[in-house]
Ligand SMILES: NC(=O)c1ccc[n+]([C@@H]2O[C@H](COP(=O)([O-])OP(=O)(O)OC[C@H]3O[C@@H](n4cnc5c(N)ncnc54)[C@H](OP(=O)(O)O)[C@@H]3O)[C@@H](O)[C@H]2O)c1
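Have a look below at one chain only, the form predicted on its own, in structure tokens format.
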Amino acid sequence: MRTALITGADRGLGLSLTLGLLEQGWQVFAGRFLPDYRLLDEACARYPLLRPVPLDVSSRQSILDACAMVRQETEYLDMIISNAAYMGGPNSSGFRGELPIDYSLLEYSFRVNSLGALQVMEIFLPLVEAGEMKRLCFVSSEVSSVTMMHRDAGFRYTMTKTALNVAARIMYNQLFEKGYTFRLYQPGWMKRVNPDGSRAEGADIDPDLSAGEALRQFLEDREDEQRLVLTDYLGHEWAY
């Protein structure tokens, strides 16, 4: 049986990825963080292979505790999907803009989007080593691309997703020759999922649509696995 860990699975892309893998017969350990969202609980009644796990990726102790819980139920993971992210909160100012940069929130963004992803991979890697697939997947963003960056504000999400790409590159350089394969995915501007499962207005893409393409890319082998590439929900490759 294939087994995966997905971070940030309470709602949105993470929840859609979780349900998509469950539909394909995977066992999924779904990281939960948001107390107002009970969508994972509702899904448990339909999917006996769903295992919600409390997981705050900004806390190393929380990651360690989650890993201990997962180890109680499985000896291996085939895939990790690092999806948990902090978008940046309100008042994300430009450099020397009217609003001051909130460095405490910037640091928190790094703990979630960059360091959190790195620590999850580090702590759970022995379980992936014991699996057959050995696939590490990272949900990145179009704003992570240095060569395509045209924004003049929004340091939190942009800086931290670029740092995520660098971390994935270093892990790739170390682990590819040991049989690991990697995916960097740009999901597009997705509709926000409300606590009742409805979609908020605005944005372009339903999370279910983006998750469907993500899973196709995450699960299929590529002929050019020796390249680490950033691809989007349309299958296009991005510079990063």
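Each residue number is its position in the shown sequence, starting from 1. Values in this document were obtained by computation on a predicted structure and should not be read as measured data.
Not on display, but discussed next: the form predicted in complex with the named molecule.
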**Heavy atom of residue 46 within 4.5 Å of the named molecule in the model of the complex** = no
**Prompt:** Closest heavy atom of residue 190 to the named molecule in the model of the complex, within 4.5 Å or not?
**Reply:** yes
**4.5 angstroms heavy atom contact with the named molecule in the model of the complex for residue 158** = no
**Request:** Although the named molecule is absent from this view, report whether residue 57 comes within 4.5 Å of it in the model of the complex, heavy atoms only.
**Result:** yes
**Request:** Counting only non-hydrogen atoms, choose the one of 38-46, 65-73, 211-219, 180-188 that falls within 4.5 Å of the named molecule in the model of the complex.
**Result:** 180-188
**the named molecule in the model of the complex: contacted by all of 110, 165 and 238, heavy atom 4.5 Å** = no
**Request:** At a 4.5 angstroms cut-off on non-hydrogen atoms, which residues of 25-43 are near the named molecule in the model of the complex? List them in order.
**Result:** 33, 34
